[in-house]
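This text opens with one protein chain seen in two forms, each one given by itself as structure tokens under the names structure 1 and structure 2.
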Structure 1
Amino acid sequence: MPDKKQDKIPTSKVARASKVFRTSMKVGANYIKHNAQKAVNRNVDENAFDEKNANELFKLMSQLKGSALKIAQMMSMDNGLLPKVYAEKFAQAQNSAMALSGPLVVNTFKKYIGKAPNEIYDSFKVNAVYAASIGQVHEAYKDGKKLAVKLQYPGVAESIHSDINMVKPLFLRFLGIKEKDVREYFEEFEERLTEECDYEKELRHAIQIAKWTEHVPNLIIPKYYKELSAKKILTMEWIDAQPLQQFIDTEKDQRKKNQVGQALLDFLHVSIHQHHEFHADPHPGNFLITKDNKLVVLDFGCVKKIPKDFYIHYFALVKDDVFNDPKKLRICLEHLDMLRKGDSKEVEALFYDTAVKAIRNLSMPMKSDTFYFGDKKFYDQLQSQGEEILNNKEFRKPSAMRGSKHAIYLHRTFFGLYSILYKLNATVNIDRSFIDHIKI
């Protein structure tokens, strides 16, 4: 349960910008102090400096909620692009952000639906059990059923556009690129975040994906209650289970870990390959493990639909007869906007080599019937590519801003999946039948 409570969320653009400004001043002061210390002592603790700034940034994002905290959550996923201290701190966005106070919870219910929680449920605990980026979860009871009630933070949906515009200049300045070169990526991010704030849409997604994956062994998707839900309040059955991260940290039986890993991979593969629509937020905070070792999937706010043309050319790269045929490979890479007609030889070589390396890494598990995700060499290869891209100045040029926007959340999902399977040290079976249905 979150320890600290928040009595007020800044909802106006001015109030939110003011908090960003104050935090940037604190971080700037930390840099000045740190550089002064380094001038007289080269052995200054860099981790302590990173931790101080990470604390300031996470505190800011936790208070702002919404897009700001979601960015922290996304950045915390293992991809080699953040120092370890930042990644570990931002990972708290998954389920332990600062929660709303009891009075603010009651007032938020009244604002959304004109009723206090105790007028809707037989009993309702105002102290949140979990607090994350878009909303927080409360325990409640109705007609003898134990329920989980997700309450959206005030002002989150209304501030998405302005929050992204506040973050965008920092991103553009860091990479040294122009807004027009990354506009479609920001639009994709904003579209997904806007959908996450629509709990009625999340309810429909959860019910639909539950039907699609009901045959997957050892998988549970909670029942959702439409009559107790609204656009910013979502009610579902409560399932007693431990957080996935706790299971990873404490479970000694590798067979149980393999079973959980298999359920997770099958859940995502069925959604992606059979229905082209999938849960695109696979961080540990969105999964629980029951006492009988079943995987519980939570939070269907971020669901991505894959266009058929993109799906075909993306997953065709897994096929050896495509990957090893220069002509077919080029067709796929052009469809995915990794190669462009008119590229110079230098630019084409850069993106061709980068794409080929990424394909080899991501598709390796899909090329065998059984795969051991605990292989550190495989995992380090995934991590190191992110670092290589970040450190290569060529990827900061306008011509480097390419790749289909539809790949953003698909890549994120695979990196999140592979990261969890690595932590589980899991060996799983791969259903490769989807490959036979892909023709280009």
Structure 2
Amino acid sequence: MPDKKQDKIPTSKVARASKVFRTSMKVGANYIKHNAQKAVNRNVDENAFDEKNANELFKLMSQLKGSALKIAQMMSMDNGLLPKVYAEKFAQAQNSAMALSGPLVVNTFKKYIGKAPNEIYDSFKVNAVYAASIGQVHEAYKDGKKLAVKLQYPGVAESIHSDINMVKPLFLRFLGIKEKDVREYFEEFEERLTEECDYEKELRHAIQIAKWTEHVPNLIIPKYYKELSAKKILTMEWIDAQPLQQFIDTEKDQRKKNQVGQALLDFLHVSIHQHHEFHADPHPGNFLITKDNKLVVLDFGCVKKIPKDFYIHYFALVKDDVFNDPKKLRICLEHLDMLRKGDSKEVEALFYDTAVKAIRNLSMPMKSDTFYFGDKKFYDQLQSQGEEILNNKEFRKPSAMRGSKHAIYLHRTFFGLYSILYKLNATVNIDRSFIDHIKI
């Protein structure tokens, strides 16, 4: 854990490159072995192969640290970009720690706040209590209050670009896809990672969203301290709580799970429907659960805002009178860049079907006042929808890069939300009043 020595982090470009190379060789070897086995025995389990490869990639990622692991996690969040087996592996990926030395911690404070930690807190633990992908978390006390202090690793923000370019070929080979088909995704990753390194922005977002969602029951957003934060340092209130994943694995009482699920859904719905600006990274690692089953939201590094006009055309699709009216449906889909004027008949048919299917799945829970998310059929449909797109060659053509950025953010958020609710086996009330405000 955090007392591992710093020299174990392969930050030099050469060290990283050789690691990437080594794993792609191993993956290649597995692939050959797999094909060889397949030739002999037709019954080789496709999943077994994926699993083995995911393990290799996973091992590499956990060594590379920093942005590389983050990319893997993001890709696993993005329904469809990674097949199910990988997605599960990476969603669980924990950061094996790299720790900054005590003197470097002090140095970082002096650089960014102008004072040593023991000058600004009543007490400060130099050894980190948690190590994350782009920073580490320390415990501190001030005025009798326990604080969590997040410190960003030096050089992380600057190495994002080269990190991504290093992992990209590996992913491409791994998944058998072409660079140009996923270029935009990688650009998005880069943008997101860069954003996550901006702690000043994160602080602003956290304070803003906390205010908006003040009235949501069973929800806790830690208080952030502006005067004790800076570009690479974030100070917030410490909340004693367990990781969401642990709660999911151990909690037996379904009522408690429902309460957590309800808080999560309300948290996102309020920000999406009332403010069109939301936490767009709902994966289990970003939430904690307190003893009295309240949901704690951490990490406001990925907050997205969608334009009002886009919001309306997106959620109009939830309304039956729009969805069932081919003319209105078309207007909406064009607005969302799912359909384009001038598409050939075949292309149009393909996208029309896919879009309609996707919307039907995502909006299903918004059509009733309560929804049971533990339904495996519903969840599998969501999952397979992405894999279908991944496997269909038509979607790899350049003309197939569809959907505006905003649609991608929303899909990802809902997919993340529904996945957690599925794991909670939650039955949740849906406040559908937002629908009345949508008119096109």
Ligand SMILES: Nc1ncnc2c1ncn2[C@@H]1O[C@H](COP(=O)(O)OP(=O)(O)OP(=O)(O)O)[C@@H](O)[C@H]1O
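Structure 1 provides the reference sequence; residues are numbered from 1 along it. These numbers come from a predicted model, not from an experiment. Whichever C-alpha set is largest while still superposing within 1.5 Å between the two forms counts as the rigid core.
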For this pair of chain forms, which number matches the form predicted in complex with this ligand?
2
Residue 112 C-alpha moves between structures 1 and 2 by 2 Å or more, core aligned:
yes
Residue 159 C-alpha relocation of at least 2 Å between structures 1 and 2, rigid core basis
yes
Based on C-alpha superposition, what is the hinge rotation angle of the smaller rigid part between structures 1 and 2, rounded to whole degrees?
16
With both forms put on the same core, how far apart in Å are the CA positions of residue 192 between structures 1 and 2?
3.1
